[in-house]
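Next up is one chain by itself, shown in structure tokens, the form predicted on its own.
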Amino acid sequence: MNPWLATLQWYVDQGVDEAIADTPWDRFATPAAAAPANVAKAPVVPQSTQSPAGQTPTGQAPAAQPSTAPPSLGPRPPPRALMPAAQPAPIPADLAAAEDLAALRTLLDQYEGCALKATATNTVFGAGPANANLMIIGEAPGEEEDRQGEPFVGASGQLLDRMLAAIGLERAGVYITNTIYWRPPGNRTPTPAEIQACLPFLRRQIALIQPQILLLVGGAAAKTMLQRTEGIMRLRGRWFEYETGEDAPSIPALATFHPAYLLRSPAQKREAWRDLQALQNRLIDSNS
């Protein structure tokens, strides 16, 4: 691939969607700045009229020698005015008053506290029955999820369906959502500020569904919901307790690999299968 095209593609993958300045500026192509017009040139003194001491007969200093400094690259463009950082919109005061998912979705549609909403096509709120025993939480919507407004509908969603079917579950019987509700540009990792902007809605979403078990797929979801700093390699396959922060009891939570990661690293499917078996056994025990 052309190296310039590869560089541009890398910028796109990292979520770059604007230039630093209004127009590109090549410092190496900028000509040297011309000398100011009002600066008088030093008079040239003939060699024969100079004294041994380096002074002219009239006592004037000899003409300045040419500078050996490299030519100037020209003046720098003026810096852009620093704009104050946008303050996130406050969480709606009546968030806890949302008594069902429909009311919570209405509040989310009115919420302007996450900048990702301005660049996304659709809000990906979640899908599944409101009384599901199992709630799956991923990281963020991807391109296909953003287009359809549904979580896990791309290639990773198809793999998730097969993973659920392997332990006797169907997508229609579980509730699926993400830590954030809008796709980050270029599918980049959500920032901590973006996650924190959506977290109160997600916590209320969990409180309304009241699942028996949480399945956290991917490192971002696991670290966010469990408030841990370890990576997914250390968190996966382990049971934790998600603290609701309300009067309701804590909820058992299991971390595992994200299906998108398994598509890139199929060798890890063996470990993911062990996690699924542990999930299946816990679901059986909770229903017995």
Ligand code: URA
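In this text, residue numbers run from 1 along the sequence as written. The shown structure was predicted, so the numbers you read here are calculated from the model rather than taken from an experiment.
As for the form predicted together with uracil, it is not shown, yet the points below apply to it.
Query raised in the report: residue 126: heavy atom within 4.5 Å of uracil in the predicted bound form?
Result: It does not: once uracil is placed as it appears in the predicted bound form, residue 126 has no heavy atom within 4.5 Å of it.
Query raised in the report: Does residue 140 reach uracil in the predicted bound form if we count a contact as any heavy atom within 4.5 Å?
Result: The answer is yes: residue 140 has a heavy atom within 4.5 Å of uracil.
Report task. Report yes if any heavy atom of residue 152 sits within 4.5 Å of a heavy atom of uracil in the predicted bound form; otherwise report no. Result -> Residue-level check for residue 152: yes, a contact with uracil.
Query raised in the report: Any chance residue 156 has a heavy atom within 4.5 Å of uracil in the predicted bound form?
Result: It does: once uracil is placed as it appears in the predicted bound form, residue 156 has a heavy atom within 4.5 Å of it.
Requested in this report: From the candidate stretches 161 to 169, 197 to 205, 131 to 139, 109 to 117, select the single one in contact with uracil in the predicted bound form, where contact means a heavy atom within 4.5 Å.
Outcome: That would be stretch 131 to 139.
Query raised in the report: Can you name the residues of 165 to 180 that have a non-hydrogen atom within 4.5 angstroms of uracil in the predicted bound form?
Result: Going through 165 to 180 in order - heavy atoms within 4.5 Å of uracil in the predicted bound form - there is one hit, 178.
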